[in-house]
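A single chain comes next, written as structure tokens; it is the form predicted on its own.
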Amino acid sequence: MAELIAVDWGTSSLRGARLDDSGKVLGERSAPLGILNVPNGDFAGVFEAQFADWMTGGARCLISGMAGSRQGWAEAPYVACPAGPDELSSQLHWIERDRIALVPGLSDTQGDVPDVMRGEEVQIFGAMRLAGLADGLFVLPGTHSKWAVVRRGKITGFRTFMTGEVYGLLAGHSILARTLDADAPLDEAAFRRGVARAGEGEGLLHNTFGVRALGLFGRLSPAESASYLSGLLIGEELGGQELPASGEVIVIGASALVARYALALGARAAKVRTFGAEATWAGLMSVARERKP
């Protein structure tokens, strides 16, 4: 297989890696050119400016993430669960045949309500490859956190939680913004306290007001309040999850956020393995290897 140019094109950033036929990373680059920051919607121009020098010698490019959304370069339809790398590979949306393709996202349904992901499915398949797993529970923290179940190499279902977005709204645009320091570093003790409080059954709407009351009575500083609120929200998210019998959970994402989820999961005696950007590159390589001639 020729070199693979693996690209993760999200809402706020653009990242790429050049991989040889074994999946080894030969180079990486990034730019603050997410789909919302593409000048005049010129996706082709941005792609050429960032990666033209890599697209030589028969190299192919696979692009995951929001570039395949309705607001992106072109819309790549969702693939329904259960799905693995082979299903994604068979539904690639080609920008230029056999040269540049968008990887579709996944869809799932709980009851009569649909759920979707774009980009996270590739990270999950990459983590599976790196960890040597065909089954497991995978968590992808973020603005919209994903919890996905994998069985026999396929994502069988997933659920999305607006944890990061709700934290941003509460910390920046509610009355809590007056009593907490959203830029403060993590206070582990306050965070653990919030996680524990979330498990006491009082409910998120009540517990979030408690952040203000604890501050008013001097029982939480502004810095501690931010970590406590984070613990409340992540603890609420974890409260509805059934952990696997093995106790192992795979967490994929940015190191600072992954660390918070590892702390919260540790409070439930879970064994946590973590992955970062390498999961994206390995996942796109997995999809590329399933590509039929």
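Treat the numbers as computed from the prediction; the structure is a model and nothing was measured. Start at 1 with the first residue shown and count on from there.
Beyond the structure shown, there is the form predicted in complex with another copy of the chain, which is absent from this document and is the topic of what follows.
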> For this chain shown on its own, do Gly23, Ala270 and Glu278 all sit within 4.5 Å of another copy of the chain in the predicted bound form, going by heavy atoms?
Replying inline: no
> Does at least one non-hydrogen atom of Glu237 fall within 4.5 angstroms of another copy of the chain in the predicted bound form?
Replying inline: yes
> Would Asp183 sit within 4.5 Å of another copy of the chain in the predicted bound form, counting heavy atoms only?
Replying inline: no
> Can any non-hydrogen atom of Gly210 be found within 4.5 angstroms of another copy of the chain in the predicted bound form?
Replying inline: yes
> Just to confirm, Ser174 within 4.5 Å of another copy of the chain in the predicted bound form by heavy atoms?
Replying inline: yes
> Which pick from Ala74, Ala189, Leu169, Ala134 sits with a heavy atom within 4.5 Å of another copy of the chain in the predicted bound form?
Replying inline: Leu169
> For the chain shown here without its partner, which stretch in 121 to 129, 92 to 100, 106 to 114, 134 to 142 has non-hydrogen atoms within 4.5 angstroms of another copy of the chain in the predicted bound form?
Replying inline: 106 to 114
> Which residues within 124 to 161 place at least one heavy atom within 4.5 Å of another copy of the chain in the predicted bound form?
Replying inline: His144, Lys146, Arg159, Thr160, Phe161
>> Just to spell it out: taking the C-alpha atom of Gly164 and the C-alpha atom of Gln110, is that distance smaller or larger in the predicted bound form than in the structure shown here, given it changes by 3 Å or more?
In response: farther
